[in-house]
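This document opens with one chain alone, in structure tokens, the form predicted alone.
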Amino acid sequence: MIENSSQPIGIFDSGIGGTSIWKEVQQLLPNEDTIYLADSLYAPYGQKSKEDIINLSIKNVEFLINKNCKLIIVACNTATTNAIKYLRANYSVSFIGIEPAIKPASLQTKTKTIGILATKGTLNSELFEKTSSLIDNDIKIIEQIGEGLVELIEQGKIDSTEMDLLLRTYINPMLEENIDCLVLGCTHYPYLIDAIKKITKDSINIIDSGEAVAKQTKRILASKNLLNRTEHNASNIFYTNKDKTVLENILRGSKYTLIEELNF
């Protein structure tokens, strides 16, 4: 496929979480048309095998390629850490991946202790292990699998008592270890920032990858002369393979063109 600047940016995630990335991209690149695929039927990816994650990622990428996307953002930490190497080797389209922002946290920490909240699939991946190994040995990384968090977010239970109790079981032990930075290693988790702040009382820095991903997207498009410089009402189309209600709620107040349910 020969890309041109008027084609859309494709984005996929294991559900609605990658919309946190989409919002950053849309804010930085308002002229870009986007197509977002929420693979919510198969969420979460974090508990699946590497083979399953690669196969799901292939399915999503081929859907977006068929929509003529000029670049694809893998807006899922688990899919990035397990599948992006395969995707880059087998497709000619450019890919932007999502990695936990461990390095920025390591540069900001004063207590030399940082926490990372992520899925099992991300924390157990080869790419995460490689990234972690590059951090100074004097910095302690407290890893916590956020089991159950994605499911609650996908059910629209962000502000529920159930979510608050679950978050406390994950965050309080890290606070006891004296973390001063918490890395959100899943694109669903930025929707929990307010809930996390209630627990931490704003005593720590919360770091996610959204802004950095948007900036990298702009750099890659510019380097390939694919930035859409035409001022127009951008088209932002969302597809989901589950009930679109939760996606509609998470996008409330955002500029989008269409949300469509798929049998996919």
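On a predicted model such as this, the values are computed, not experimentally measured, just so you know. Numbers follow the displayed sequence, beginning with 1.
Just so it is clear, the following notes concern the form predicted together with ligand DGL, a form of the same protein that is not shown.
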Can you say which of 168-176, 187-195, 101-109, 137-145 gets within 4.5 Å of ligand DGL in the predicted bound form, counting heavy atoms only? 187-195
Taking heavy atoms and a 4.5 Å cut-off, does Val150 contact ligand DGL in the predicted bound form? yes
Verify the contact flag for Tyr45: yes if a non-hydrogen atom of it lies within 4.5 Å of a non-hydrogen atom of ligand DGL in the predicted bound form, no if not. yes
Each of Thr34, Ile73 and Thr217 near ligand DGL in the predicted bound form, meaning some heavy atom within 4.5 Å? no
Does any residue in 119-149 get within 4.5 Å of ligand DGL in the predicted bound form, counting heavy atoms only, and if so which ones? Thr119, Thr122
